[in-house]
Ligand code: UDP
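So this first bit is one chain, no partners, the form predicted on its own, shown in structure tokens.
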């Protein structure tokens, strides 16, 4: 029996790893599955754990107000020493590009425990964009001996870096597994939809507004590289668009980071309730967010995961970044990069609102991130892969 430990600490990681936890635990005769969370995000992490019914075996609980990357890295690294000494897993699975993943992979390496990298091979090839995620994923990739690439493009990135082909499995992205699980629940449970609508109302947005023909532009933002001028440009673009399109609702669940909230208040004032069609609401739990995304018309974001999720619901995504580690979405036409240039944001949102053909092209493009069976493929690979000391081609 293989001892598998999954380590994650943020909401995006939890969304993408919880379906894998659930699938692994369906095979107790093959896998002894343990979960360690770091608490890099605390409240948002716990919300996702509750939705999927995942109970961690270990919780480092590292979250502290005002902590920086030095704090997160050192706390995860030291905390994982104790966890790994206790659990002694055969494989540690980490996800994507967070500081939790990078530090947990390094901790496993220090104990010569094999690392499996879920969502491996994403690259911008610019270590400062996104920062620190690009370097996190590259470091994790150097440590990992088992690579679960979501797409052929990600696989090719790994091959270009000298990773052996037998160390790579193309799986699709587990976020589609998670999304399909949640959407399936919504499709058969009218009571759940009523609860979600009520919750959104309590957060500050009334879904009944859609009955009058209004459309929603859903906005999210949290990237460090956009702090300061970038977020000021984003907020000014939203303000201008809201004035130009009074029949469109701009709904912005605000990230908790003060660097995100400060420019919102600078542009819109301390009282954020004065606008007729701009709604600043508190962060949503995952299920409420999926419900709102499903009802939206356009998604404007600097997130990574939403570039994968929203196209699965037929929603065009405008990405407020200059680079993306998900070029497949750009190539497929489901995503367009608009950066944080105020004029570019306004032009591209306006184009989708005004031009039905342009909207149709993006909304009907095929999502390149899989069919919702990524977890099954990962488990099949784990059942047959033996860790090797070197995953790179000899030079």
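Residue numbers count along the first chain shown, from 1. All values reported here derive from a predicted model rather than from experimental measurement.
One more form of this protein should be noted, the form predicted in complex with this ligand, which is absent from this view; the next part is about it.
- Each of 12, 253 and 309 comes within 4.5 Å of this ligand in the predicted complex, counting any heavy atom.
- Shown without its partner, this chain lists 268, 205, 289, 231 as candidates; in the predicted complex, only 289 has a non-hydrogen atom within 4.5 angstroms of this ligand.
- Of the listed positions (303, 151, 226, 169), a single one reaches within 4.5 angstroms of this ligand by any non-hydrogen atom in the predicted complex, namely 303.
- When contacts are judged by a 4.5 Å heavy atom cut-off, residue 249 does not count as touching this ligand in the predicted complex.
- Although the partner is absent here, residue 314 lies well away from this ligand in the predicted complex, with no heavy atom inside 4.5 Å.
- In the predicted complex, at least one heavy atom of residue 284 sits within 4.5 Å of a heavy atom of this ligand.
- Among residues of the shown chain, residue 215 is not one whose heavy atoms approach this ligand to within 4.5 Å in the predicted complex.
- Contact annotation: this ligand lies within 4.5 Å of heavy atoms from the stretch 216 to 224 in the predicted complex, the single such stretch among 86 to 94, 216 to 224, 268 to 276, 140 to 148.
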